[in-house]
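Coming up is one lone chain in structure tokens, specifically the form predicted alone.
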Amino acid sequence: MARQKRVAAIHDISCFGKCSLTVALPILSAAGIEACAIPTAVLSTHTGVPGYTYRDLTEDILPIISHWQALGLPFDAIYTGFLGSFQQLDLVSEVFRRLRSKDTMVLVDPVMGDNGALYRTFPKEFPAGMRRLCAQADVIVPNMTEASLLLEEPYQEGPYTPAYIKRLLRALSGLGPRKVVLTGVCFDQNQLGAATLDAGTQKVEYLFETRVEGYYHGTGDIFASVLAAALLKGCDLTEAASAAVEFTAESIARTKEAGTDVRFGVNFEAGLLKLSAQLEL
């Protein structure tokens, strides 16, 4: 039997609502990957729900890492999501330095904005710090808003053109990562998906599913978690992005059909058995 892969997942945890660690841990586990959590903060719900509580865990990050180092734990990947401050950006760079080996994949989901705007919880200088973190990654997974913030460009509404998407992918790759997966890509109003660029081959690929109208919280975390899992299971970039697009779209469609409250995330759990079988490579 092949050795089980292990991931250090650095995200916040919302006690209610399907996002961040409450998404990453079950998806990675369903793929047969050992998921090890480094929580950056604990929230009662995600930040899109008014009245949430928030406890910052910045001071706990390096002590966790120091203990892991003392145990001699190796990691096949480090996967980062929501980071709540400049200090946490610097600490995650230190985590990379301490836990990364030549075979460790670093995947950064630069969570900081959507719908054309930086999240209200972040100062305007935050994208510059995230840009430095992305420069250290092997794979980055920005949405269209985050791409514009990373590149210091005005946000553009879709539909887009292939030429525009290719230019964004190449500019994002120029920040440092070897692989870029851009989400929220559309060329018409009927389909939505992702575009990928492998800097080694300069190959660009597009993956689409039928668009489901509405805004659904946590889907970026779902997408990035499936992408990370698929890459660790041996999929190439296109295969991994295709699995992530399909799983995310099916989770959204399932939630839409059930008519459940979309503020709290989508029903991804019902698709985990299928994902597990699909990634049993």
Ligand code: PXL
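In case it trips you up, residue 1 is the first one in the sequence shown, and so on. Treat the numbers as computed from the prediction; the structure is a model and nothing was measured.
The protein also exists as the form predicted in complex with the named molecule; that form is not presented, and the subsequent description refers to it.
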(request) Please state whether all three residues 14, 46 and 111 have a non-hydrogen atom within 4.5 angstroms of the named molecule in the predicted bound form. (result) yes
(request) Sort through 211-219, 63-71, 229-237, 252-260 and report the only stretch with a non-hydrogen atom within 4.5 Å of the named molecule in the predicted bound form. (result) 211-219
(message) By the heavy atom within 4.5 Å rule, which residue out of 164, 119, 155, 86 makes contact with the named molecule in the predicted bound form?
(response) 119
(message) Taking the named molecule as it sits in the predicted bound form, is residue 24 in contact with it (heavy atom to heavy atom, 4.5 Å or less)?
(response) no
(request) Although the named molecule is absent from this view, report whether residue 19 comes within 4.5 Å of it in the predicted bound form, heavy atoms only. (result) yes
(request) Using the arrangement in the predicted bound form, list in sequence order the residues of 75-93 with any heavy atom within 4.5 angstroms of the named molecule. (result) 82
